[in-house]
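One chain follows as structure tokens, the form predicted on its own.
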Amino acid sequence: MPYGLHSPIIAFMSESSSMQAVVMEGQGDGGTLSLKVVPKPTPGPGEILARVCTSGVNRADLLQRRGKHPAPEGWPKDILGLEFSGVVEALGADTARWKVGDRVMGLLGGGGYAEYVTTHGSNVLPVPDGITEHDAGAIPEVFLTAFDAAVLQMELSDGEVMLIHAVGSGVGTAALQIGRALGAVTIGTSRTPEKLTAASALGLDDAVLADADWPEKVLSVTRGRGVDLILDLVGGPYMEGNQRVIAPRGRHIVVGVPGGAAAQIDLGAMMLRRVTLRGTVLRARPVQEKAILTRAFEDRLLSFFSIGELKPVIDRVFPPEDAAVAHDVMASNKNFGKLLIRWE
């Protein structure tokens, strides 16, 4: 992924060999995001070069700015961005499936905040019919994360009850739609009543305000039985409550820990109920694993976008020069669904 650091020679490069990107300089409170001219990447064997329409903003981007979530080896260190949508511009060798002009979207290990990206062709999906290449930027990271966690790993099935913490987040809104499409009953928590109202309009079955009494409310909704699956996008502060509301033989998967990573676990209660507890991350997985996930999602759920059963949920769209503003909005937890950066 040969994104170079900006240097004096860039000003003399031809337009075809350069691009604009949001470049991270420094980390922590003193770090900045600046729109700069950098070398355009070149696709290697098996890779595509895509002209980016929109880049998704994710909480991992905020962590990387703080020095807590570095890019995997081989990806740009100073250009954030874990997903994109756009149009294929060029192909590397041995890229049989795609052709120039195809509308695509996909996962990245980094480098997404740019006019052009390269990624392996096996990690790319076609933009569904009926979805614009701009709105598609809100699909890859959140829908693949939710699908991988809830369906592939935890085998969510028809009729089961899934509890989604932070249901108004990007992954949360994707998970509730996937749950509904697969016939599951969905319960969602949020600290913001307005987000619960919006989630209910998306098809959430039961909305629970995440105050001190949320476990009692979940148990009341389930008539004391509890939930089959917990999709945890909060972390440590909810662990005690999660142990109270999980049903016998229930599954609990931790996808994010913005609330904190530390928690106490009652192992006796966990053993008694035969609970499965698992953690997961997506970014650092090798190309081969992401390819398997991408194809599974395409086979099972991609067509649901074309018939309206699934849809990208977009809160706001920012120009590249306002990437830092988008980060501030995400840090404030005010968005419902995705934040996007639009390049064209």
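Remember, predicted model here, so these are calculated numbers, not experimental data. One rule holds for the numbers: they count along the sequence shown, beginning at 1.
As for the form predicted together with another copy of the chain, it is not shown, yet the points below apply to it.
Residues of just one listed stretch (171 to 179, 264 to 272, 156 to 164, 128 to 136) have heavy atoms within 4.5 Å of another copy of the chain in the predicted bound form: 264 to 272. With the partner omitted from this view, the residue of G44, G31, G67, G279 that lies near another copy of the chain in the predicted bound form is G279 [heavy atom within 4.5 Å]. A heavy atom within 4.5 Å of another copy of the chain in the predicted bound form is found for exactly one of R285, R316, R51, R59: R285.
Although the partner is absent from this view, R223 stays clear of another copy of the chain in the predicted bound form, with no non-hydrogen atom inside 4.5 angstroms. The closest heavy atom approach of V255 to another copy of the chain in the predicted bound form falls within 4.5 Å.
Residue contact check for K99: none of its heavy atoms lie within 4.5 Å of another copy of the chain in the predicted bound form.
Within 4.5 Å of any heavy atom of another copy of the chain in the predicted bound form lies no heavy atom of V185. Taking another copy of the chain as it sits in the predicted bound form, the stretch 196 to 233 never comes within 4.5 angstroms of it through any non-hydrogen atom.
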